[in-house]
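Let's start with one chain on its own, the form predicted alone, as structure tokens.
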Amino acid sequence: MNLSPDPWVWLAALLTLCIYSFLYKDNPFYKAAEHLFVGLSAGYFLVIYWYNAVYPDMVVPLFKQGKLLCIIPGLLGLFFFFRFIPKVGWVSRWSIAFYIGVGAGMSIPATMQMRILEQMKGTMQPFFSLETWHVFVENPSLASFGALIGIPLMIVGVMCTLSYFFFSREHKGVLGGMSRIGIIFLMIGFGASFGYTVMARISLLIGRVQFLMSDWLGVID
């Protein structure tokens, strides 16, 4: 064991252990580390926003270049703080409405392009490809079989999943069978998404354990 002499490494290790102490139960050490993390994050992002957005996009154009229109976003930003004054708190609604409106206007086209149009483009493929069939016949394997049934399976999955959300008719007969298959595809998709999230969290855990065992305790290289 070769303990690190760096006090910052010790501080990071102790804070990591304080956070992990919540696995036992809620305690003052976890609360202290949590509050410290939230406070430092707020201060850090405040500085980032100032130097990356407020100063170059409002302060410099307004006071150094004389662009008076830049005072409008500045005022809208200040109106947010009126929430702390009950008598004039309604003024902040103008900023909130403008923020939500601009955000919706910018996100809706991007969402349409990414989640709807690209999905439609992906399903508008030939249902069966002779090329993938020849590849599978010449070299039968799991990869070639997956390429062979990939597009048909995707199209069937999309149609069955959409039929599950078709509520204008009772789910009986063909529609009922397709909707039940759609539920299977939905569960597979949700399971894969959850598994990916768990893998990401496990990778973070592995990184912190490596830090504790290597940088702090010096047990491993």
Partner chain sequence: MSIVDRLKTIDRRIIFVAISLAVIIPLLFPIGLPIMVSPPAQGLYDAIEELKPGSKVLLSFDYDPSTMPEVYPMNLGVVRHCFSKNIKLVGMGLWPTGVLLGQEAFELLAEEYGKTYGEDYINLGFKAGGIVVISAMAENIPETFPEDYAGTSIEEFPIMKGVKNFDSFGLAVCFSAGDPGVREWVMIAHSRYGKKVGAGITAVMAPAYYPYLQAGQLVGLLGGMKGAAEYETLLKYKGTGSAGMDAQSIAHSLIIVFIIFGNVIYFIARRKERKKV
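Residue numbers count along the first chain shown, from 1. Predicted model only: the values in this text are computed from it and were never measured. For clarity, a rigid core is taken as the largest C-alpha set superposing within 1.5 Å between two forms.
There is another form of the same protein, the form predicted together with its partner chain; it is not shown, and what comes next is about it.
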Mark Leu3 yes when one of its heavy atoms lies within 4.5 Å of a heavy atom of its partner chain in the predicted complex, and no otherwise.
no
Although its partner chain is absent from this view, report whether Tyr196 comes within 4.5 Å of it in the predicted complex, heavy atoms only.
yes
Those residues of 122-155 which, in the predicted complex, come within 4.5 Å of its partner chain by heavy atom:
none
After fitting the core, Pro28 CA displacement of 2 Å or more between this form and the one not shown
no
Val198 C-alpha relocation of at least 2 Å between this form and the one not shown, rigid core basis
yes
Is there a C-alpha shift of 2 Å or more at Pro61 between this form and the one not shown once the rigid core is superposed?
no
